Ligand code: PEP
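Given as structure tokens, the chain that follows is alone and in the form predicted on its own.
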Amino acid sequence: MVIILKKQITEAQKGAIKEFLKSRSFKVKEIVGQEETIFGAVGINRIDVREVEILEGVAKVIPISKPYKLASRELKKSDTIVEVGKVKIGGQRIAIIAGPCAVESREQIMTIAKQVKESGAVILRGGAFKPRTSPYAFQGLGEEGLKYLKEAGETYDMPVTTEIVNPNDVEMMLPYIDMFQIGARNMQNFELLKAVGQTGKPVLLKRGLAATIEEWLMASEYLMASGCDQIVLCERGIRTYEQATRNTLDISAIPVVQKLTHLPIIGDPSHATGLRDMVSPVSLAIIAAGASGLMVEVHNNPDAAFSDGPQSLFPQQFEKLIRDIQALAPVVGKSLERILPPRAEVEIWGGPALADAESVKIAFQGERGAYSELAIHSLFDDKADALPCRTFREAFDAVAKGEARYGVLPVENTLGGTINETLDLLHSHPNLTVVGEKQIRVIHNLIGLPGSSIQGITKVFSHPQGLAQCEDFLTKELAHAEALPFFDTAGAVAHISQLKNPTYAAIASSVAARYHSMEILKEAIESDSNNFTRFYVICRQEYAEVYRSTAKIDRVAFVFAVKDRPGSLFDVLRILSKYGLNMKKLESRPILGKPWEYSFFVEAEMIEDELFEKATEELIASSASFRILGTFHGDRR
């Protein structure tokens, strides 16, 4: 059952409720959400829920209808984020697990680990124990293979995962691995599930060869009931009558599972297809379906592999696949998970330099659920505290004054064009610099009170750009309603939530709808599906190198004003051409306090440091004023 606690509940009342439930042989799990705190209680005993409802501090009791209680979305509405070492799986991340089917030698696993890490994998896989159909096939190197796997993971700063097949090996394997893998053949090995679950270590649980989704989730329930709540589900194809592929990938299982459970789900295209040439297209299909990652087999010499060579990618194929996933990620509102360097992790995410990781604030303009906040969650650790600001200026000031470490502000939209206010504020804050960027796909939704209908809407609120981006829908399907501008898309949702008028609606993200417990009346109402917004990451100069150390610098943004003489703009552009500074954006902006005078904003591809220094010297000499706004890694698709 789900026990919703009153907001004013005391710790003493919480303790009394727990003791009452435990005295009736229930296991109790506390879940703290944004709006409410609940207890999840599971057990074999039956109890009259009214006995719980009358306890002090209890607001409501809801029975869980699913047979899998702890894994059910009924128990926990928000997605579980599984932490494997420094890697997080779930939410808006796409985590890539890669490596050979089997650890064959120290040299082999070290070589492949280096290659997959450089391409973008964040977790290293490799089998030390291989359950094979034939007793004569390669069975793995055992503990020796675990030692090689651990060494490779430590050398290339990647957590490792490998399959366990015997409950007696649990204690032996613990020092070597970061995540257990339960294979398809052992999904219903209940003694193994219980033994692994009792360790509390993260588990990758593959779907059985012919298991139903409910049987799969019941296997995860065994793990959770034994004490493990860090579980990643892996769809790897099921056995059907089809012979063209090794298995039949049940790609529909991904959205189905996401509705039924809060646990993240990834896909295994290697075992699903069994054919190297099919791995990449099927991988993209898995990501497009909403999965939180992939497990891909990669081998430096597949033709000589001890096992599963035909389905293993060559390193160069894997590298291309990562690039393709990076291009697809913003379409589904996600980004590739990355491992931050130790220096950045210490200074940003709460190592010895920070007592509390949650003290790292990231400023954005808007209310909770704004698209800027979605960009923050794609860029930063979940423990970073997003700081909502009513205006762009307030967000800039929060960063400039040190109230926030970073700011994430929109700079350009594919439909609405440049957000000039961001450029102007950046120009007027000389102590701030651009250190990164992020693109996200903007999917607008018509949002109203639960039970309201499109036909009954009389007024619709949103940011002016949100209204402009949904013009076709507003003029054709909602022509009977009045479109009213609001300062922020998510703020518009908060506004109609407070007014409680069923004839009012807002245009905003699905996250804003969930945050305010509103209903989506229609999804994806933007006029053009190629609706992307690009965000700048800004910070004070003293934090710039910390952020930049996490990615290759390939973009520069600067602003200049020209001298009042013929050919002055040409002189500056000639310097850019001379040094190969390929412009990606050129815009003019009026200079504050100087009527009819303009500065020019430029984004260009970065060049080698030595050449850039020479180019900068000439640009300064040829310009009336010149300032570098920032250097960063471009999030280009």
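Everything quoted here is computed from the prediction, not taken from an experiment. Numbering starts at 1 and follows the sequence shown.
The same protein also has a form predicted together with phosphoenolpyruvate (PEP), omitted here; what follows describes it.
Segments offered: 429 to 437, 111 to 119, 263 to 271, 321 to 329. Contacting phosphoenolpyruvate (PEP) in the model of the complex at heavy atom distances within 4.5 Å is 263 to 271. Residues 101, 163 and 184 are all found to lie within 4.5 Å of phosphoenolpyruvate (PEP) in the model of the complex, as judged by heavy atom distances. Shown alone here, residue 299 lies farther than 4.5 Å from phosphoenolpyruvate (PEP) in the model of the complex, counting heavy atoms only.
None of the heavy atoms of residue 254 is located within 4.5 Å of phosphoenolpyruvate (PEP) in the model of the complex. Residue contact with phosphoenolpyruvate (PEP) in the model of the complex: residue 334 places no heavy atom within 4.5 Å of it. Contact check for residue 377: every heavy atom lies farther than 4.5 Å from phosphoenolpyruvate (PEP) in the model of the complex.
Taking a 4.5 Å heavy atom cutoff to phosphoenolpyruvate (PEP) in the model of the complex, the contact residue among 295, 305, 386, 286 is 295.
Checked against phosphoenolpyruvate (PEP) in the model of the complex, the candidates 516, 130, 534, 93 yield a single residue with a heavy atom inside 4.5 Å, and that residue is 130.
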